[in-house]
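Let's start with one chain on its own, the form predicted on its own, as structure tokens.
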């Protein structure tokens, strides 16, 4: 079975997973209005790092004199603590680095810093810098599949570890925001001028965010798994090819991904579905339809973008980690910004904490190009 050894989140809400989780438990968010940033004429709401703070934390913990971009710093900072906690030799040829991002160093399009070459715009170049920082000589794998990238990277780790090619997979998801990204979302009229409201009747768009998350996986024998271990049990990807940016109105791709991951499990044991929940009109409605079609309306759902905004390539990893932490503490985190149901299907969703003793959950994501993914996680004591 594929077991999570360790994790670490780096975001504007904190520089480790515990601080991030505690901030969510108290309802905190770093979403705020930015005006004139990057010379973008329209104001926008985002959760962004304070660059001076990020540099201070990075220089305090990371021993390097290498010239690194902001993106590369948060990737390394996230992975550094997770590797330390897992107590593994990251330089081993039995370790594979898998890096998830949608845009990587795209912010370099707007810089005149000649010290950084144009090749750093390539995700593969940054991934190699990261793996080499930890002394790993394997070619790292980059997963860049729109909003589902972070979950795709986890599913890839599951499949690779089952082949016995590697003993460990270090999965890191990260994205930073830039003029290119914000302007792109604005051109779609997808950004809200308010803090986002997933699944709410007054939702009017998404917010963007920065962050990085790392999960380290290991293939473990069944008799070595403890009740506290999180197992990546199953996953499924489906592409409905509906539209370059618009989700299927029937939830086809998410529905098919959901039905595949629940095919061999007892759905009564599932505590929640942590959804994509972008707070755009069509995505939230699509997810509600897919969940209904899959026969999962009795399972509570939550979304975490009201705390972080949309962290893109990091979302699937950050939101997975926080879902695990919440179930470790017998709760389902509230959906920040949600007040009154605004989708056609009667989802169980609340702006208050829900108590639970169940130890399984589904992570659901969808993205541009019609891509959809569902992951099923189970805690050790629930495995038969």
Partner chain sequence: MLGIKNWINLNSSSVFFKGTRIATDAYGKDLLVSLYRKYINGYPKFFKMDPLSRLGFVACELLFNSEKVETLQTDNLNEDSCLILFNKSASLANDKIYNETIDNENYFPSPSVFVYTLPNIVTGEIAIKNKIYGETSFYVIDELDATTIFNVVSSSMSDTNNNRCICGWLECSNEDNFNAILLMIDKTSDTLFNIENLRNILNYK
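Residue numbers count along the first chain shown, from 1. These numbers were taken from a predicted model, which means no experiment stands behind them.
Here the subject shifts to the form predicted together with its partner chain, a form of this protein not shown in this document.
Discussion item. Counting any heavy atom within 4.5 Å as contact, can you tell me which stretch out of 284 to 292, 222 to 230, 73 to 81, 96 to 104 lines its partner chain in the model of the complex?
Written reply: Result of the contact check: 96 to 104.
Worksheet entry | Heavy atom distance at most 4.5 Å to its partner chain in the model of the complex, all of 4, 63 and 378 | Not one of the three qualifies.
Worksheet item: Which one of 273, 216, 123, 206 is close to its partner chain in the model of the complex, taking close to mean a heavy atom within 4.5 Å?
Response: Spelling it out, the residue with a heavy atom inside the cut-off is 123.
Fill in: its partner chain: the contacting residue among 92, 242, 265, 192 in the model of the complex [heavy atom, 4.5 Å]
Selected residue: 242.
Worksheet item: Is there a heavy atom of residue 297 lying 4.5 Å or less from a heavy atom of its partner chain in the model of the complex?
Response: Residue 297 lies outside the contact set for its partner chain.
Worksheet entry | 4.5 Å heavy atom contact, residue 136 and its partner chain in the model of the complex | Flag for residue 136 set to no.
Worksheet item: So in the model of the complex, does any heavy atom of residue 235 sit within 4.5 Å of its partner chain?
Response: Within the cut-off, so yes.
Worksheet item: At the 4.5 Å heavy atom threshold, is residue 368 in contact with its partner chain in the model of the complex?
Response: Output for residue 368 is yes: heavy atoms within 4.5 Å of its partner chain.
Discussion item. With its partner chain taken in the model of the complex, which residues across 264 to 300 come within 4.5 angstroms through any non-hydrogen atom?
Written reply: Nothing in the stretch sits within 4.5 Å of the partner.
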